[in-house]
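In the block that follows, a single chain appears as structure tokens, in the form predicted on its own.
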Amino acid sequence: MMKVELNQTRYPTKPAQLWGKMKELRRWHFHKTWEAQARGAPVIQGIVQSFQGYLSGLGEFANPSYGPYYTMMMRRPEDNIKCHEAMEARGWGRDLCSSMRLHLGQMFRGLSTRGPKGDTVIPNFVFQYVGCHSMGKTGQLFTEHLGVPYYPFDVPYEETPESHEYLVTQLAEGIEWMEKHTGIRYDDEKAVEGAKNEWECYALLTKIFLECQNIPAPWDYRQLWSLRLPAVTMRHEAAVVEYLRELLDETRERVRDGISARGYEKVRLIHDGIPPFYRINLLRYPAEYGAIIVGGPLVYGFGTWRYLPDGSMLPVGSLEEEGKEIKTREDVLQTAADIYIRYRWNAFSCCVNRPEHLVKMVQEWHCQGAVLHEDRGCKAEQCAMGEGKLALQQAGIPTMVYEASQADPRDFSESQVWDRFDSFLESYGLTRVDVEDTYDGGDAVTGTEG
């Protein structure tokens, strides 16, 4: 362990002013999702955390992912485990992505199409970008089980003229396909508006993440995890753009006033890998020692960046700052390809330059260590993680690895994980701080995404 000079300053804290608005937007999204079909809007099943501006051409749409109870099951491990067991009873092993097993387990248990009032909601189609083999297979099994159409498409990981054109062609073909299977005429004006909102949401999130380079950090990973959620599920909505503008203002106000996420920042850490959703408050466990996890590739990946070969990440600005306009359907398609090949995720979903980006992130967010989650199910997130650990160690950056999975609580060993955290934090010379000094900053929730 390298010698780390501890930051003993006690910073002021205060609750997140927009925490209530974040919750309100999530409730709004929930009601829109389950009431849409009664209003004649299409229901699109699948993990639609991307291409929301593009889908706006259908007008209002609902996306219940692959089932409405995913987050709830992170609070209720007994129901969570029943879904995994439903998959295993059909011969599917635990090496499959635990999130996809949970989604499919909901389907086999009859939960995926059951609305909160007990009504049945059958999707118009399944729309799935094939971010990994598990996502593609999950979409296939859903369509076979429900007897609905399926539109899968590839998103290349490397930016080339050919990969850009390939994605644009798939999206153009997807418009014709959606019109055929829904009977809805694609509205270019609505798609343009949705694409603008999507771009602006990414740009605003990027600015918020950059503010966390400040000492003290205005938010930590646990707070960002929840505060970003409206932009995960409804980036195409003008109301979310407004929310993020307010959140950026609040973030900059906290930086100006020296407001801290947790009070102490004796050691700043980066977390790599998908955190275990059923133990999401793991992200604030270091606060018990006066340390802080300021972020990591997954959460910062919800911004848009120019990834440089040396590992640096340069922010992509607003449409106005980039001198970019979105006016036509072609602009919508080209912009989607720009975002999802050039500016998002590629650095952390393949081996090229991932170790360099991880080291740079630790340095540029002024951290003294890294925590790595070795996810037993997600193969994409494990790409080059071992090389990343080696690069961190060669750069003299202390690292800690723990094993679990993102969605199966049976893979979480309480004694192993907490013992590793305790040993790692104590290796810096840290001891537990008083309970009143682990202020939660307004995110007093347990075991959930929000």
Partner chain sequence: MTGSNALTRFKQIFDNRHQYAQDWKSSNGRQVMGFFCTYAPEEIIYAAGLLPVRIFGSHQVQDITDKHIFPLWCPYCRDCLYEGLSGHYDYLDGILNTWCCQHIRSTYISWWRNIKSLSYHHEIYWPVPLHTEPSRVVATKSFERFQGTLEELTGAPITRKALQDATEIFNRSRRLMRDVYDLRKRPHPPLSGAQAMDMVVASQVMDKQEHSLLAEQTLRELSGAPGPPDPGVRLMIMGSENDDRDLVRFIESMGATVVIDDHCTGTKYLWEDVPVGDDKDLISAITNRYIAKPACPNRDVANPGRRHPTHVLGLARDWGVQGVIFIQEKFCDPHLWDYPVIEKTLKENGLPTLALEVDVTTPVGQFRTRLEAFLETLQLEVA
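Residue numbers count along the first chain shown, from 1. Just so we're clear, the structure is a prediction, and the values are computed from it rather than from any experiment.
One more form of this protein, predicted in complex with its partner chain, exists but is not displayed; see below.
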Touches its partner chain in the model of the complex: residue 223 (any heavy atom, 4.5 Å): no
Please check if residue 169 has a heavy atom lying within 4.5 Å of any heavy atom of its partner chain in the model of the complex. yes
Does residue 285 reach its partner chain in the model of the complex if we count a contact as any heavy atom within 4.5 Å? no
Do residue 253 and its partner chain come within 4.5 Å of each other in the model of the complex, heavy atoms counted? no
For this chain shown on its own, do 133, 356 and 389 all sit within 4.5 Å of its partner chain in the model of the complex, going by heavy atoms? yes
Contact residue in the model of the complex, chosen from 395, 47, 383, 41 - any heavy atom within 4.5 Å of its partner chain: 383
Its partner chain: the contacting residue among 362, 155, 121, 339 in the model of the complex [heavy atom, 4.5 Å]: 155
Go through 110 to 118, 262 to 270, 190 to 198, 143 to 151 and give me the stretch that gets within 4.5 Å of its partner chain in the model of the complex, heavy atoms only. 143 to 151
Which residues in 360 to 378 have a heavy atom within 4.5 Å of its partner chain in the model of the complex? 374, 376, 377
